[in-house]
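Okay, so here's just one chain, in structure tokens, the form predicted alone.
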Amino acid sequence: MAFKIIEGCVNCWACEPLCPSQAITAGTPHFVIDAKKCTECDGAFAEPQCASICPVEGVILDGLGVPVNPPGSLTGIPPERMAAAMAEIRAR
């Protein structure tokens, strides 16, 4: 299986140079991962390099469509807690 970059990618170029299999290329409207080249960094790194550097949560999916960098992965704040905090701010 291979990873996939979806809409929401901001084309920041952070992931492209980190990919050990050179599977990531610039595309339109966002970067693309070549499924034939992507190894999911298996055996090369403990964590997928693209997901570890991506500044946008939830735009890199695994072969099952599950985000490799899910909401909360950058901030460390669980999505439920973030939603509650945002609701409190809006209520003020």
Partner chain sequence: MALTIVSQSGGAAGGCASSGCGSSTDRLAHLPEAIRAKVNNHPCFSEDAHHHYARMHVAVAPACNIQCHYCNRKYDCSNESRPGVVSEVLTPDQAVKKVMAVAATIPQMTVLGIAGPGDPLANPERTLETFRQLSAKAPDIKLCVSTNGLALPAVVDELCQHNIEHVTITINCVDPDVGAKIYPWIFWNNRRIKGRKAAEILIEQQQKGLEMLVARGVLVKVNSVLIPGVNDEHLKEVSRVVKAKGAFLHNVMPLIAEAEHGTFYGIMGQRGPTTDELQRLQDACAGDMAMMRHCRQCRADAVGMLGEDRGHEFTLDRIEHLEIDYAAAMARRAEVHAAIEANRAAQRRQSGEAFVSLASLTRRLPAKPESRPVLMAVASTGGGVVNQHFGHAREFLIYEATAQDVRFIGARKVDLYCTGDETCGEAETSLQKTIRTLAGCEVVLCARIGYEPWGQLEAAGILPNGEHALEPIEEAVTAVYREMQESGRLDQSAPAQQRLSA
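Positions refer to the first chain, counted from 1. Think of the rigid core as the biggest set of C-alphas that the two forms share within 1.5 Å after superposition. Given the structure is predicted, the values throughout are model-derived calculations rather than measurements.
Another form exists, predicted together with its partner chain; not displayed. Remarks below refer to it.
Colleague: Could you tell me if all three of I5, T25 and L61 have a heavy atom no more than 4.5 Å from its partner chain in the model of the complex?
Modeller: Not a single residue of the candidate spot has a heavy atom within 4.5 Å of its partner chain in the model of the complex.
Colleague: So, in the model of the complex, is P78 in contact with its partner chain at a 4.5 angstroms heavy atom limit?
Modeller: It does: once its partner chain is placed as it appears in the model of the complex, P78 has a heavy atom within 4.5 Å of it.
Colleague: Using heavy atoms and a 4.5 Å limit, would one call D34 a contact residue for its partner chain in the model of the complex?
Modeller: Residue-level check for D34: no, no contact with its partner chain.
Colleague: Would M86 count as a contact of its partner chain in the model of the complex, using a 4.5 angstroms cut-off between non-hydrogen atoms?
Modeller: Taking the distances in the model of the complex, the answer for M86 is yes, it comes within 4.5 Å of its partner chain.
Colleague: Please tell me whether any heavy atom belonging to P67 falls inside 4.5 Å of a heavy atom of its partner chain, as the geometry stands in the model of the complex.
Modeller: Output for P67 is no: heavy atoms all beyond 4.5 Å of its partner chain.
Colleague: With its partner chain taken in the model of the complex, which residues across 30-64 come within 4.5 angstroms through any non-hydrogen atom?
Modeller: F45, E47, Q49, A51, S52, I53, C54, P55, V56, in sequence order.
Colleague: Would you say whether I6 is displaced between the shown form and the other one, judging by a C-alpha shift of 2 Å or more on the superposed rigid core?
Modeller: Shift of 2 Å or more: no.
Colleague: Against the rigid core, is the Cα displacement of G76 between the shown form and the other one at least 2 Å?
Modeller: After core superposition, the displacement of the G76 C-alpha between the shown form and the other one reaches the 2 Å mark, so yes.
Colleague: Between the shown chain and the other structure, the Cα gap of A85 to G8 differs by 3 Å or more. Is it closer or farther in the model of the complex?
Modeller: Residues converge in the model of the complex, at least 3 Å closer.
Colleague: Given that the shift is 3 Å or more, do the Cα atoms of C41 and P78 end up closer or farther apart in the model of the complex than in this form?
Modeller: Between the C-alphas of P78 and C41, the gap widens in the model of the complex (3 Å or more compared with this form).
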